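Listed next as structure tokens is one chain, alone, in the form predicted alone.
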């Protein structure tokens, strides 16, 4: 069973994911440049085949694919199959609206054919040796399956933010271990599936939220959600057992963890050549807007909308069934926004993006 059903639909994710686009834009030039090294498609294929994994509603994914198609067209006029994948519970209706706005194609180049796939990033999605390019942006940080483990004093599998401590909030190293093991196993499954799907010489760009030596992308966003939930527990609007059982199903890796399954001595070492692997802090549009305008209220609202776009489906599915969920959800995010407006320094947010460009051997 997947740990999440997807992002908040109905166009909400597309409207509140500028930060994710900023993260993918930082590393997309790697793949645009590497396209020049691609082997030509086999004669029986007669097309370039490109897959994006974790496309959500498609706004950011279509943007990225348009850029890659432009790069491909500099080298070849062959048709392009562009495939978009996400979980079967994803809002594919919105994706198709994005692919065919006003009845026309979202792709300006000729001979571009698109399709959507419902399936997990951690399993095979297309026939063997059929892909020339594969990408994933801000997706594989979510667990394939949730470990059978508990984090009773925090909502995320990481050490709480040392810049925003709250009494009673803590995670021990032994509590973290099952989640670290699951995150590594997930990556092994992901890379093994892509190794089956890519042609020799094919390229894989993996980008995801992560952490560096001093900061995690989870800092700020998970602190404010945790604080809002604890406030509800203390006000007896949520049972403490809910907080103790709830774990947001994401893991914030280091760049070393991202490529660990591909290092010498591992089963996957012979499948891929690591061309580049880096960690960068990327621009955060709602932080930039605050710096320009000084409008703290607008910052809190944009921050909340960004957070809600990828946390609400998980939170809503986890809430006790006897609660008025819609009303409770609304109140939780109202509390999040109030906390952000009242204590902005506590919930400082930095987007740490990690990425690797790989070549199928």
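Predicted model, so just to flag it, every value in this text is computed and none were measured. Numbering follows the first chain given and starts at 1.
Below: the form predicted together with a small molecule, not depicted.
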(message) Within 4.5 angstroms, counting heavy atoms, which one of the listed stretches 229-237, 80-88, 268-276, 99-107 is next to the small molecule in the predicted complex?
(response) 80-88
(message) Since only the chain is shown here, I'm wondering whether residue 179 would be in contact with the small molecule in the predicted complex (any heavy atom pair within 4.5 Å).
(response) no
(request) Using the partner position in the predicted complex, report whether residue 252 sits within 4.5 Å of the small molecule, counting heavy atoms only. (result) no
(message) Test of understanding: in the predicted complex, would residue 282 fall inside 4.5 Å of the small molecule by heavy atoms?
(response) no
(request) May I ask you to check whether residue 201 falls inside a 4.5 Å heavy atom distance of the small molecule in the predicted complex? (result) no
(request) Report the residue, out of 216, 114, 94, 138, that has at least one non-hydrogen atom within 4.5 angstroms of the small molecule in the predicted complex. (result) 138
(request) Name the single residue among 248, 122, 154, 286 that comes within 4.5 Å of the small molecule in the predicted complex, judging by heavy atoms. (result) 122
